[in-house]
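Have a look below at one chain only, the form predicted on its own, in structure tokens format.
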């Protein structure tokens, strides 16, 4: 077999240009797709089965004999295939604080993706969800850079596997590079007014961890950094990513990003200028940009672009294809038995259970037996609310003619299943739609509430209110659901609210009026079951929030790792702190922290954690630090480590965390990552809230 250098030497300019194009099959149609395969296109996206095999046969029998790469948006499982396992969304999975579970999910998803003969997933999403108005917060691992990096690296390892060339391994594509979720007003694809120092300090670390994990591809973001589109930013793509981080995979643009330089961002006058900017800035593969092909050929022949730039990009793409075994086995495919298999369904339940967060509990939970339960709310029996975005019936637009495939369990079905086991009777009244009233619905629910012992209120949003291209200014629970909740409160019965939502909502009235509140965001096929199991006490909740819940949208941003310096540190009309903060999550047992010690020579932390309750449980031990004096502003606290431990009732365990100087670093004004000597504070506990942390100070010497 030829090596990549030899293949590249024998390629024509036209073949090189074609390798740099990723063609959207559904948009161009079969006949055009065949033409592109004959021409030597590098990749197709959103093509399955016999259609993909037809194109691959054409490609490998062409003059260049270069196999195609097939990509797919498998964001939380291979969810565009209706037979596949629909896992919880990234935000939901992040509630588990469990990298091993995320890795296992990615391994399972890779098997299902490759069972369709596909090679690349546009996942994981390493953007940070720090402003809940942004429509794509559900696709992130939450607001924290460290957590996103740990979970993202685990996902990369799971997708790509130990043997990249295996039939069950797929190419991970981390996205969106970079700062996408930080745009002004949380407007999708808009400008992000931050500095490169901020990029390196806050938004780059998750990508750096993914690169160290062996990441094979990265997608550029739609937006811009301080007015320069990410797609045309040479410093971001070449200097920082490829040179400083040593990324040796290939960079693919997001959908039509080359064209966006002309039509949306208006930094290029025509296709030739946009194509020149894209290739010179460090993009290697142009998604959904067929016009790039003719333009780049003309630019090279006219002497306006060096052919060496194409050579560098093609070499990166061919190296990845070689690494993942496509030259040796162009038709590689896993067994179709993996699609929605029992093993993956069991894993799905495990993730949903570990990702369920108990936000409030005044003692009403877990429910005792022999109760009359009323289930109310539009999210109770709608699996679409549990699935979220990027599934076969929800993206790019909601398709209500497509019926969801079993197996899945809605919240109502889960409650009814558990109610039988716990000798309870469960009645259901919908009461309202997600975003509109039902004639007589509220009155019917209010009347039924008077006869109930406890009310389970299932509320939230759906993908019409939150998804790509659906940024939202009003983050309250929709009015119809607020009115329904108000009517239920008048019955005077304890209310347990299950927030089945894409991301945090601003709902202080829910907290105030509920005896208990819990969520697992979009928990996937078994998210409803996991919520019901927590309510009845069949499982002990152990999830923690990866993102903060503000009281009001005007409190944004309210992420935990704020910078110091806010004069008076409060709004005049609401608290400084969020309603539910990062890392928060209750249990049916209690955990106590003690014996905190830090060795300044070895930078080793020790802490004792004890289960002081009467029930076994899991606790996510969280370690934060603060640099007390630094040359630029640094956060009031920053997550530096976490570990999930399981303890029996009364059991205690001494935990040890080993750090390096680099773990206490930040990026200074010269864009250098440094650890400045001086005094630091270390904090350990069950959430980011000051009241949940024990603390001590230590010194790092020069």
Ligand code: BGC
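Numbering follows the first chain given and starts at 1. Quantities reported herein were computed from a predicted structural model and do not represent experimental measurements.
We do not show the form predicted together with the named molecule, though everything after this point is about it.
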Please name which of the stretches 94-102, 205-213, 175-183, 148-156 has residues with heavy atoms lying within 4.5 Å of the named molecule in the model of the complex. 175-183
Considering non-hydrogen atoms and a 4.5 Å limit, does the named molecule approach residue 254 in the model of the complex? yes
Interface membership of residue 46, the named molecule in the model of the complex, 4.5 Å heavy atom rule: yes
I'd like to check something about residue 136: if you look in the model of the complex, is any of its heavy atoms closer than or equal to 4.5 Å to a heavy atom of the named molecule? yes
Do residue 219 and the named molecule come within 4.5 Å of each other in the model of the complex, heavy atoms counted? yes
Heavy atom within 4.5 Å of the named molecule in the model of the complex - residue from 122, 624, 247, 582: 122
The one residue among 471, 191, 271, 73 placing a heavy atom within 4.5 Å of the named molecule in the model of the complex is 73
Residues within 4.5 Å of the named molecule in the model of the complex, restricted to 274-294 and counted by heavy atom: 287
